[in-house]
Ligand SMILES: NC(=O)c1ccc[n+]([C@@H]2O[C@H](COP(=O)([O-])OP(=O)(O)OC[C@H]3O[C@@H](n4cnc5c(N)ncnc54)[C@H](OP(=O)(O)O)[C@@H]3O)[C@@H](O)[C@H]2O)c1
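Read the single chain below, which is given as structure tokens and is the form predicted on its own.
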């Protein structure tokens, strides 16, 4: 698989990472199946796994995905030193809801729980899951900077942020990654300049929901433009879309999720797929209805 730098001062990772969320939320597969999926991704060349403390069912299940990923990596027979695990803090799951809570004291407590769940002394990449409108952004970022100074995290990342927020954070700490949504259905990260800013700064842009997510993901096989190009290239429409996402900037790293081994392997295949200018333009011009 092709490699790209994760971000300033960080190692290179495979251009296709793995997002663990769907192994731990509603309709999650049995844990042993989840471990097989993670092993398949790692065997295929994935070296970046993204998780979060709130990838779980509710607040009583906090850390489920982190514990599952830690177990999978420990039991993998490959070179575990090549695997970077990124996690996030700043959200909570009361009664299964998704709510922001990026108070400094909450972030510190979440980081401590994640250290324990992952079984590590220092988290490789710790990301602010989302800005909290009730908390000054500088206070949330400041908490991550303090955790970094204490040696509890190595690199700091942001998620669901604007260019203005990235710049504000850069005044306080080196931002290594930004994780925002990017797919043909949702291109706001391109239109609002986040992808471009990350490219200028050498910041790794981690594209979540790179194939649309949910019901939009299921629309890809019947999309006429995707179907035509994918058939000609002998790849799946999902792999084609991942290749389109990667082509948007040299610092983009896609982090698709998968509940099944075959889906993980299909995503991995996109790590070697390069599209012609004509095919990229065809996807650019195509209509992707969210209905």
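Residue numbers count along the first chain shown, from 1. Since we're looking at a predicted model, the values are computed, not measured.
This next part talks about the form predicted together with the ligand, which is not shown.
Trainee: I'd like to know if residue 106 sits close to the ligand in the model of the complex, meaning any non-hydrogen atom pair within 4.5 angstroms.
Mentor: Although the ligand is absent here, residue 106 would stay clear of it in the model of the complex, with no heavy atoms inside 4.5 Å.
Trainee: Would residue 21 show up as a contact with the ligand in the model of the complex if we use heavy atoms at 4.5 Å?
Mentor: Yes, residue 21 is a contact residue.
Trainee: Does the ligand come within 4.5 Å of any heavy atom of residue 223 in the model of the complex?
Mentor: Judged by the heavy-atom cut-off of 4.5 Å, residue 223 is well away from the ligand in the model of the complex.
Trainee: Any chance residue 28 has a heavy atom within 4.5 Å of the ligand in the model of the complex?
Mentor: It does not: once the ligand is placed as it appears in the model of the complex, residue 28 has no heavy atom within 4.5 Å of it.
Trainee: Contact check in the model of the complex: 131, 162 and 165 versus the ligand, with a cutoff of 4.5 Å between any heavy atoms. Do all three pass?
Mentor: Answer is no for this spot.
Trainee: Taking the ligand in the model of the complex as the reference, which of 94, 136, 214, 119 has a non-hydrogen atom within 4.5 Å?
Mentor: Of the candidates 94, 136, 214, 119, 214 is the one lying within 4.5 Å of the ligand in the model of the complex.
Trainee: Heavy atoms within 4.5 Å of the ligand in the model of the complex: which stretch in 252-260, 225-233, 56-64, 40-48 meets that?
Mentor: After filtering at 4.5 Å, what remains is 252-260.
Trainee: Out of 263-286, which residues reach within 4.5 Å of the ligand in the model of the complex, heavy atoms considered?
Mentor: Sequence-ordered list: 263, 266, 267.
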